[in-house]
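Take a look at this single chain in structure tokens; it is the form predicted on its own.
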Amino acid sequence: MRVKIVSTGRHLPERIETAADLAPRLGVTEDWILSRTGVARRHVSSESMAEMGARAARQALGDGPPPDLFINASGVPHQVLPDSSVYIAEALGFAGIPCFSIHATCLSFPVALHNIGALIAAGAYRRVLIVSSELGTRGRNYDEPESASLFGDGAGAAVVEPTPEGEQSAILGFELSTFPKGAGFTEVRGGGTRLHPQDPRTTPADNLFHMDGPGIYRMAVRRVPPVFNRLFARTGVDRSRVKFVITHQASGPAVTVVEKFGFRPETIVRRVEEEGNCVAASIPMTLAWVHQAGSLERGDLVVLCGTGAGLSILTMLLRW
């Protein structure tokens, strides 16, 4: 798909919560958090996900024209109805611009990029804004210290357009596999029709994040390598040519394990120690951090990858 990310944006709240700050609330030590999750600090927002998303979007849009389509690619909604995209659009002052959400939990941004790439390639749109904004700290279950010590708040954004003639930017390959047997490993059980808020069976814990970390690891470590292998077999690209691997910043150990999949360690970008797991925002935030540092040049090969609730596994190859 001949599409191009023309600009990026990211936003982190001012307030920082360290592992030392959080440890007493969880009944563990700072060293316990660092050894289990690798998260030394995360940012905690007093703003809504819509306000954070709008901040990242304004940075990505800059002085350019408004988009002709806006996509919310966040894992956690502002509220159940209406769609969260309208609240970010309202914060941006949009009126009449079509907007909706593409939701694939922590993988929402690359899934949105792939789907929007197809629409742009088909000529349906020419300038699309994608925003992922997450208040991950709002859903922490303090009775589950390992998951509660992972999350942070933040937002990432990108503007996508057709690749001009004479340039090489493109989505070169995309692989997504979902294994529903892993659905129970990562979930928020409440809030829908299964455990409605007014259902007497619904408990407060059902409305908070639940994770079976060992279960995710056992399933993912077997399932991830074939997804990477298909991507590089179909694109004909050697992994040694990849300049950056932008993975979902799920945890310190989860980022480190990507080294086992044939990439040079120096290509794997780590932000989890400083920002925590920002759910769907982690991939676009990390991509924007690399881009805004001036480290990306047109023509560079970039991998976006990660796992998400489902259990879903994604890998995507871009020519920047």
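In this text, residue numbers run from 1 along the sequence as written. This one's a predicted model, so the numbers in the text were calculated from it and none came from an experiment.
Heads up, the form predicted in complex with another copy of the chain isn't pictured, but that's what we're talking about next.
- Proximity to another copy of the chain in the predicted complex holds for all of 98, 104 and 310, with the criterion being a heavy atom within 4.5 Å.
- For the candidate set 49, 285, 56, 39, a heavy atom within 4.5 Å of another copy of the chain in the predicted complex is found for exactly one residue, namely 49.
- Checked against another copy of the chain in the predicted complex, the residues 218, 243, 127, 189 give one hit for a heavy atom within 4.5 Å, which is 189.
- Contact with another copy of the chain, judged by heavy atoms within 4.5 Å in the predicted complex, is confined among 142-150, 84-92, 160-168, 246-254 to 84-92.
- Contact between residue 232 and another copy of the chain in the predicted complex is not found at the 4.5 Å heavy atom cutoff.
- Looking at residue 194, you'd find a heavy atom of it within 4.5 angstroms of another copy of the chain in the predicted complex.
- None of the heavy atoms of residue 172 is located within 4.5 Å of another copy of the chain in the predicted complex.
- Among residues of the shown chain, residue 224 is not one whose heavy atoms approach another copy of the chain to within 4.5 Å in the predicted complex.
- Taking another copy of the chain as it sits in the predicted complex, the stretch 106-129 comes within 4.5 angstroms of it through a non-hydrogen atom at 111, 114, 115, 118, 119, 122, 124, 125.
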